[in-house]
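In the form predicted on its own, a lone chain appears below as structure tokens.
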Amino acid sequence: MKEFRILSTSGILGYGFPEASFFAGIEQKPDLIACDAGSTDPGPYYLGSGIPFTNPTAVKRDLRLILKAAFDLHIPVVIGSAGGSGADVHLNRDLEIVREIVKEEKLSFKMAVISAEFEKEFLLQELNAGHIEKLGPAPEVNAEDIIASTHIVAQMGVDPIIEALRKGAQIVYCGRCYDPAAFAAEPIRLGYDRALALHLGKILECAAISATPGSGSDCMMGYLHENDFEVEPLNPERKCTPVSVSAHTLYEKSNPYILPGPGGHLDLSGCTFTPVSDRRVRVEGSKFFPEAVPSVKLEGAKQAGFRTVSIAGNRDPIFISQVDEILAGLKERTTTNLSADFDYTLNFIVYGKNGVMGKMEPLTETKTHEIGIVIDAVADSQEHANAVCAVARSTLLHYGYPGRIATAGNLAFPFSPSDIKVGPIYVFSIYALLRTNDPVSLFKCSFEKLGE
């Protein structure tokens, strides 16, 4: 089989990439340009609220370069997890950008649009039929979770993308998508090994992060063959090594050797990573094992209240030495001073002590000249969250503690106003598997003719 070349532009569409790297890839005449456009890493807010976490100006800049090059080369483009979280509202935002570019640049394409969002009525039926299963440590899904969720999506695999490409789509724009699928679908359609294509997609979905020095904002080229694949960054300042590529293979997996996904899992325990040059690595030995009944992962989010935060600093060594006791006393004092007739939570993040790891922080002694404190108040309304934060902030500002010398105030505020009204917040409400015997028609696909 001839070499199949895939150009990965960046770790997420809208992260940007150097034009020099991109055009170095275009000069190699790729067979596919693909990009993952989303992740759950930024948390549930974006799925729950329907707000994209990628900036439209940045997305349009990246897409303009991609679409113009694909038009000139007559090659397909596949974008996964539109707008960050892949619900229909995110997908529609990106589709408007595509239409603007096509009109401005006088391009023409046949575009397939694959939705990954589901109606609650359908999911309630699937739940009652026993087709929705618990996944990992996440709780069991119940009807209340489905009803309360604002958006529920599933990670599509390669099958609906393959069907869209088979029907002549030149652009396939997907809602929530399994990260490697955008890269693997076209070569699998053409007969390349599924395991190698998916493993290559796993490497390419983060673009040059698997290089050294790594970057999610730079381009990577993948070269797929009958029995192996190779990867190489397109920026001469970066290189791939067996260590950098194998390390990325271990990335984001609970089991270092097994990578589950829609329809089955990759077994990477027999992989080898061989240097082809000082910048290029060959990978062999990937295996794919299908599921008896294919599954897709469901993701849902629901509103969980409103948040107000205040950020402040302190560099008094006496305060710092007692900060745990001070904050515990502050919680009690806030309860007394507020006398709230509503439910709320009040938490503190202390940077310079254990702000990153919290209770898991192994270092118990604080050795720093200053700390940062985030006051985090969550309640059932914005006004209530504002009230909790305001009382806690003002109480901490003038809180008395043993050995205190200054009385002007305990906190230094970097901003005015000091309290930041975050607005509605969301939590993941659904994280489960949906079993399906039809991974193609499960995802609604429509076609659109763009341009002349």
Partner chain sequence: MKIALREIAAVIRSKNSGPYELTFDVMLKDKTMYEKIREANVINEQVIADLYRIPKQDVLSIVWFPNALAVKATIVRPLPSGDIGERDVYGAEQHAPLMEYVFDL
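A quick note: this is a predicted structure, and the numbers were derived from the prediction, not measured. Positions refer to the first chain, counted from 1.
Below, we turn to the form predicted together with its partner chain, even though it does not appear here.
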Proximity to its partner chain in the predicted bound form, single hit among 294, 355, 214, 313 (heavy atom within 4.5 Å)
355
Ok, 128, 227, 108, 254: which has a heavy atom sitting within 4.5 Å of its partner chain in the predicted bound form?
254
Which of 355-363, 331-339, 231-239, 215-223 sits within 4.5 Å of its partner chain in the predicted bound form, heavy atom basis:
355-363
Going by a heavy atom distance of 4.5 Å, is residue 431 a contact of its partner chain in the predicted bound form?
yes
With the partner left out here, check for me: in the predicted bound form, does some heavy atom of residue 43 sit within 4.5 Å of its partner chain?
yes
Touches its partner chain in the predicted bound form: residue 290 (any heavy atom, 4.5 Å):
no
Should residue 143 be classed as touching its partner chain in the predicted bound form when contacts are defined as heavy atoms within 4.5 Å?
no
Suppose contact means a heavy atom within 4.5 Å; in the predicted bound form, does that hold for all of 9, 168 and 276 with its partner chain?
no
Within 293-325, which residues come within 4.5 Å of its partner chain in the predicted bound form, counting heavy atoms only?
304, 307
